[in-house]
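One chain follows as structure tokens, the form predicted alone.
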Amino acid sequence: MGYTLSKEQFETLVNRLSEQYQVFAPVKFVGGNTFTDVDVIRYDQVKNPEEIVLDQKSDYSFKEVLLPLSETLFYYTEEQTKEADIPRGEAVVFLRSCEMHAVKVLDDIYLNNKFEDYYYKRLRDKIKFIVIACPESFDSCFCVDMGTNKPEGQDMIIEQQGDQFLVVNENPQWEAYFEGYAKVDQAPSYAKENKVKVHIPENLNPNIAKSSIWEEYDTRCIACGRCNFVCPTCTCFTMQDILYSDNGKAGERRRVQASCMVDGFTDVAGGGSYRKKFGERMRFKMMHKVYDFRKRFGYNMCVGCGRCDDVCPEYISFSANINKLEEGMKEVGEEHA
């Protein structure tokens, strides 16, 4: 059961939400990409409902709303420590179905992984989610094979249908926004087929590390880490102390997003470094997305959004890499036969 809203009524809905929440959604930044005169769609706080981009996939995910690129955890002096204030109040995030599944991944990592992450939880508790329905798949998506094409756990779903909007509200607290609107017996659409198909072999196991399929990435990958930063489920971070004084007795500690693909991430005491070869880093990332995480939580970490395929400057396709795993397992099997 849902409601059909005109464009003006939809904008009124967003404006009413803005009175209580900070609204974050995909916004187009004209000329704001890393390349000259190229636009970029990324998440930002919405000041006008017309800014929300509903008909295109954003270049970056919603992740920065929950996991800021740089987040101050606490301030310290020689005598005392002060926890950083929470960055914002209650918020609403417009996102895609695959990203709603990515929220589940982040929750399992930060909240259901033996210990709760305090800084993640205090932001997460203040966020509501509105899914932007995808009646059809975008070119690089493979959400159907990853099981993330149908949204779960959201507060509301919206689907643009020409000049009208189908809105399905699942948050009882928001029913007051729809008083006087006629209900319609219609469910939102979702993508049922992707152009990109992927298959994860059932016999996938750590022996895949011995396969030669990783060797091409030693020279092809440039370890820029862009795939990690656009991914809605990559969660690697590092810690930085920002010192205010020469003696190091006053400053702040920050959690900063990092990448398992870049140099320095696996550096350890004594000058050691693991996974020096780029192919080893690719193997680690892929196995984490479609094997390690599934062994722990029962489902894949990758949600099939295809952003890593879109952003790679070397045109390395993560979906194509998944499809090479079967070949790799056959190779390993023959070696041990």
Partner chain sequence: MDINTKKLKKNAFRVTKQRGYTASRVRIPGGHLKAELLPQLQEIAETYGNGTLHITSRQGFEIPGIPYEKMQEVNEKLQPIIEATDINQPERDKGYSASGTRNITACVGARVCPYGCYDTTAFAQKIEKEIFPHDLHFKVALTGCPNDCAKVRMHDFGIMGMTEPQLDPSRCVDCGACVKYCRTKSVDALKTVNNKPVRDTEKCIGCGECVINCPTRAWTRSKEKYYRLVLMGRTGKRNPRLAEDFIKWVDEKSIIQIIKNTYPFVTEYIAKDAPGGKEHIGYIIDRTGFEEYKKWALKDVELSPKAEVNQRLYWKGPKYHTYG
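Values in this document were obtained by computation on a predicted structure and should not be read as measured data. Positions refer to the first chain, counted from 1.
FYI, the form predicted together with the partner chain isn't displayed, but the following is about it.
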| property | result |
| --- | --- |
| Residue contact check: V40 to the partner chain in the predicted complex, 4.5 Å heavy atom | yes |
| 4.5 angstroms heavy atom contact with the partner chain in the predicted complex for F229 | yes |
| R254, heavy atom within 4.5 angstroms of the partner chain in the predicted complex | yes |
| Interface membership of V262, the partner chain in the predicted complex, 4.5 Å heavy atom rule | yes |
| Partner-proximal stretch of 181-189, 67-75, 137-145, 196-204 relative to the partner chain in the predicted complex, 4.5 angstroms, heavy atom | 67-75 |
| Among the candidates T34, Q56, Q45, N48, the residue which, in the predicted complex, approaches the partner chain to within 4.5 Å (heavy atoms) | T34 |
| Candidate from S212, Q160, Q240, N171 lying within 4.5 Å of the partner chain in the predicted complex - any heavy atom | Q240 |
